[in-house]
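Have a look below at one chain only, the form predicted on its own, in structure tokens format.
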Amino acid sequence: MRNEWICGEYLTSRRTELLDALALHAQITVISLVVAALVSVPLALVARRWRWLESVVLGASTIIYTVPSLALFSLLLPFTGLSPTTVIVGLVLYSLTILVRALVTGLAAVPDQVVEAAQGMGYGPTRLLWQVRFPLALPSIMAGVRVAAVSTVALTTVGAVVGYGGLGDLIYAGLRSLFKPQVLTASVLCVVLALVVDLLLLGIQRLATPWRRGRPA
């Protein structure tokens, strides 16, 4: 096998290895985003309900985001060990900064007139939240989800330090051995995965907000 950046033989002989790494990368990304979304919603609602907690929640998540990924994964090792959990927990913590801020900003941008009109029509707090506030805040929320998704795809590669980085494992192994086709192929697949995830989320956003079709995403 030739050690050149573009090598067709590498693609055919290592196809299974590449697909396994891609599948692991996508799995870690999806799990991290789902868990982050489930955690960020109650945090954002708490921040909106008690305004004095908003700066605390946003400040704490921002501080976590400033911690370098290598350092964060190392801090988690005593608790989660060398496992995918280490990578997932780290990615969830990073995503919270983006998702919580997007949720808080989106909910805060809902016009008061719309809320008052819904209350006048008999909407209770729960119905008001899910049928009025969230739909109107959805564009801002989805923009945050897209940023968090692309960021998660990129940061997953750093999980190679604990042996669970998906495509990052191949990138780091290729760099150590100076194996050019492996480094390039895994890097390109990582970029393609980020683009595919972003386009899927953009499609979901367009389907969920039909009143905004024709406007810039």
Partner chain sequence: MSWFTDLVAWLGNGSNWTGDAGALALLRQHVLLSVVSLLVAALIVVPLGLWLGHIGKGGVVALNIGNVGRAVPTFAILVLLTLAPSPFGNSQLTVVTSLVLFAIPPILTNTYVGVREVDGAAVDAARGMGMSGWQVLRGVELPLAAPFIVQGLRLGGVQVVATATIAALVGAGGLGRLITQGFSRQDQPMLLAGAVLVGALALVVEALFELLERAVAPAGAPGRRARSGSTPTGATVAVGASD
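Everything numeric in this text was worked out from a predicted model, so none of it was measured. Positions refer to the first chain, counted from 1.
Absent from the display: the form predicted together with the partner chain. The rest refers to it.
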Handout entry: the partner chain contact at G166 in the predicted complex, heavy atom, 4.5 Å
Key = no
Exercise for the section: Would you please decide whether K180 lies within 4.5 angstroms of the partner chain in the predicted complex, comparing each non-hydrogen atom pair? Expected result: yes
Problem - Contact label in the predicted complex: P68 to the partner chain, heavy atom within 4.5 Å - result: yes
Handout entry: Distance check, A194 to the partner chain in the predicted complex, heavy atom within 4.5 Å
Key = yes
Fill in the blank from the handout: With the partner omitted here, the residue among L175, V46, A37, V30 that in the predicted complex has a heavy atom within 4.5 Å of the partner chain is L175
Exercise for the section: Let me know the one among P125, G120, P78, P111 whose heavy atoms come within 4.5 Å of the partner chain in the predicted complex, would you? Expected result: P78
Practice task
Answer yes or no: in the predicted complex, does the partner chain come within 4.5 Å of a heavy atom in every one of T62, S74 and S187?
Solution key: yes
Practice task
May I ask you to list the residues of 135-159 that have any heavy atom within 4.5 angstroms of the partner chain in the predicted complex, in sequence order?
Solution key: R146, V147, V150, S151, A154, T157, V158
